[in-house]
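Just the one chain here, the form predicted on its own, laid out as structure tokens.
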């Protein structure tokens, strides 16, 4: 495909398991021109996430084509107020049994150590410079805590004019995972999420409601592994790792789990994977109480969205179409 016809995107990741599947889906989709991958803290410390990102790109043989930039090692302001961080005192992603750690997001992905290195430029500098220089609007896809993107908006608000859309994996409506009402990515840096939502750029929020409506299961993992390509086999293994770790922690059903971040990329590739999307006024709770980090949606009568509302919340997705996209891309068919 002619590069001029490709959608220009920047991925922002905190590479654990579902980020890895998202990176592979994006990198193996010829419709996308990935300008770079910025890395933040989140599932693991930022240096682990950088290494994991490079490992995934080397698996695909794309480490020389897609530059990786190390970003922020902690949230914008959350850690300044110790009492806000009760939920962070628990790992929530791992369990140790007989001295062995089982984790939804292993500290290092089960791939060879990367030979490549991240670029010397900071992720936030890359974001501001690249967006300001782009004549074509860019789609930004943050699938971890949105610290890098929020910082970039603070550094140079004019980047808003160069962004086609921000497609988050984050948030949830009437549910949570790190707290009863907050999803982890938005909880980890709610100020950054609020800065982006308040910027006026179009935002699509692919949250827990959508991702759990399109969970992949152990049978899907077997199907992927039978495809036999490195990406398909590794994606299948990651599904198995997630399901096993969650079962051991008592948080899963032992059969399926949401591959959250990959669904956000799928929504960029083909919005028809979305079966329920709503234009809603959105905000983020940053007040430090029981609902800290919650995605707040206004559904009161008389508060219907108008032309100034640019936030769309994905509530449901087509699991079969999503899984079909993964199989198709990982076979190398598109």
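Positions refer to the first chain, counted from 1. Since the model is a prediction, treat every value here as computed from it, not as a measurement.
One more form of this protein exists, namely the form predicted in complex with a small molecule; it is left out here, but the text below deals with it.
J.: Does residue 52 reach the small molecule in the predicted bound form if we count a contact as any heavy atom within 4.5 Å?
T.: Result no; residue 52 lies far from the small molecule in the predicted bound form.
J.: Give a yes or no for residue 184: in the predicted bound form, does one of its heavy atoms lie within 4.5 Å of a heavy atom belonging to the small molecule?
T.: Although the small molecule is absent here, residue 184 would touch it in the predicted bound form, with heavy atoms inside 4.5 Å.
J.: Consider residue 143 of the chain shown here, and say whether it contacts the small molecule in the predicted bound form, taking contact as heavy atoms within 4.5 Å.
T.: Residue 143 belongs to the contact set for the small molecule.
J.: Wondering, does residue 263 line up within 4.5 Å of the small molecule in the predicted bound form on heavy atoms?
T.: Close contact is absent here: in the predicted bound form, residue 263 is far from the small molecule, nothing within 4.5 Å, heavy atoms only.
J.: Using a 4.5 Å heavy atom cut-off, indicate which stretch of 115-123, 149-157, 216-224, 255-263 touches the small molecule in the predicted bound form.
T.: Residues of 255-263 come within 4.5 Å of the partner.
J.: Quick one: in the predicted bound form, does every one of 14, 19 and 105 get a heavy atom within 4.5 Å of the small molecule?
T.: Yes, each of 14, 19 and 105 comes within 4.5 Å of the small molecule in the predicted bound form.
J.: Considering non-hydrogen atoms and a 4.5 Å limit, which listed residue (177, 85, 139, 251) is close to the small molecule in the predicted bound form?
T.: If I apply the 4.5 Å criterion carefully, the residue I get is 177.
J.: Go through 208, 131, 203, 243 and name the one with a heavy atom inside 4.5 Å of the small molecule in the predicted bound form.
T.: Flagged contact: 208.
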